[in-house]
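As a starting point, one isolated chain is supplied in structure tokens, in the form predicted alone.
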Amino acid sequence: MNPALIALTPSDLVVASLFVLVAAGLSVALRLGLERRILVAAVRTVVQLGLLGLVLERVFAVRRPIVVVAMIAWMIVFAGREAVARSTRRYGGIWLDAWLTMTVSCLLVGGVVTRVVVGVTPWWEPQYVIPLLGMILGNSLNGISLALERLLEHLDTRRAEVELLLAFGATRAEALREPLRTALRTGLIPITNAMTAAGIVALPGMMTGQILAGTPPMQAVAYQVVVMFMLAAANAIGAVVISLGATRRLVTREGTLRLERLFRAGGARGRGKGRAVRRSAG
């Protein structure tokens, strides 16, 4: 018989909060200036996860597909927002591209995993659908934001190379081949590192959670393998979709580079956006 899951009490969480205080204390002692951010992040973690727990309890109790779909849509919107928020450069239409990317990668990979691999019935079963899609969104946004940042940085700082290729008759695909390759390689670094270290350096979260809940280790391993593979696919698909969306907006089909549409996050809006980027590129 599997051992029962050990329930945590509020006092256990208070003791665990000492770890955050240790991190903040080290920041103060070493004058890193991160103690405020650490404490704010800790408070947000507690509040956000607490609210999520309450919402999930309600969703699991109601068990209606419309509620599950609404929950997924809400997660996609905020995942796209977070992916854009991590980029130091932006362009007109980036929010729409981010939401489209999250939707495609999440629903495509998540749909295959829940319906084909796991065989969830009904398709909207919240116990499986919401956690799996949440893992896809939470992990793939890292790769997506990295790929986007790398691509926009390349177009910003090395625009002369791209313009030279276009001037010599290169097509849009030919001129952007190297920037796209670099962006995609960067976007796949986190999941590649995670798969390489899984089981040797690190015990992945999905597997750890299932083992703590009493699942047999080999069954937990099977689920973790599925999760790692689905995250690899979601990262790859997301990086490709966001990169193609960005290049479609910043380079015309005729081969004209439109960096006046590119601006730095938090900068002035309007026509000054493009000029600010060009000045920074020197």
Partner chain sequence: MENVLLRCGPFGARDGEGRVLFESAVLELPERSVTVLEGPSGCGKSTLLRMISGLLPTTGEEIRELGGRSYGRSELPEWRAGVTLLAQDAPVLPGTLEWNLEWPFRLRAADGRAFPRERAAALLEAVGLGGVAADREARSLSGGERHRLALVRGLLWDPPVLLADEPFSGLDRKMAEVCRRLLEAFAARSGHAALVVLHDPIVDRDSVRRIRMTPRGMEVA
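Positions refer to the first chain, counted from 1. Source: prediction; values computed, not measured.
Omitted from view is the form predicted in complex with its partner chain, to which the following refers.
Q: Even though the partner isn't displayed, in the predicted complex is Glu57 close enough to its partner chain, meaning a heavy atom within 4.5 Å?
A: No, Glu57 stays farther than 4.5 Å from its partner chain in the predicted complex.
Q: Are any of the heavy atoms in Leu257 no more than 4.5 Å from a heavy atom of its partner chain in the predicted complex?
A: Close contact exists here: in the predicted complex, Leu257 approaches its partner chain to within 4.5 Å, heavy atoms only.
Q: If you check in the predicted complex, is Gly205 within 4.5 Å of its partner chain, heavy atoms only?
A: Answer no; every heavy atom of Gly205 is more than 4.5 Å from its partner chain in the predicted complex.
Q: Spell out, yes or no, whether the shortest heavy atom distance between Glu163 and its partner chain in the predicted complex is within 4.5 Å.
A: Yes, contact at 4.5 Å.
Q: What is the one choice in Ala167, Leu212, Ala73, Val116 with a heavy atom within 4.5 Å of its partner chain in the predicted complex?
A: Going through each option in turn, the one that passes is Ala167.
Q: Have a look at Thr196, Thr121, Thr171, Thr157 for me and say which one sits with a heavy atom within 4.5 Å of its partner chain in the predicted complex.
A: Filtering the options by heavy-atom distance leaves Thr171.
Q: Heavy atoms within 4.5 Å of its partner chain in the predicted complex: which of the stretches 40-48, 57-65, 248-256, 231-239 has them?
A: One stretch meets the cut-off, namely 248-256.
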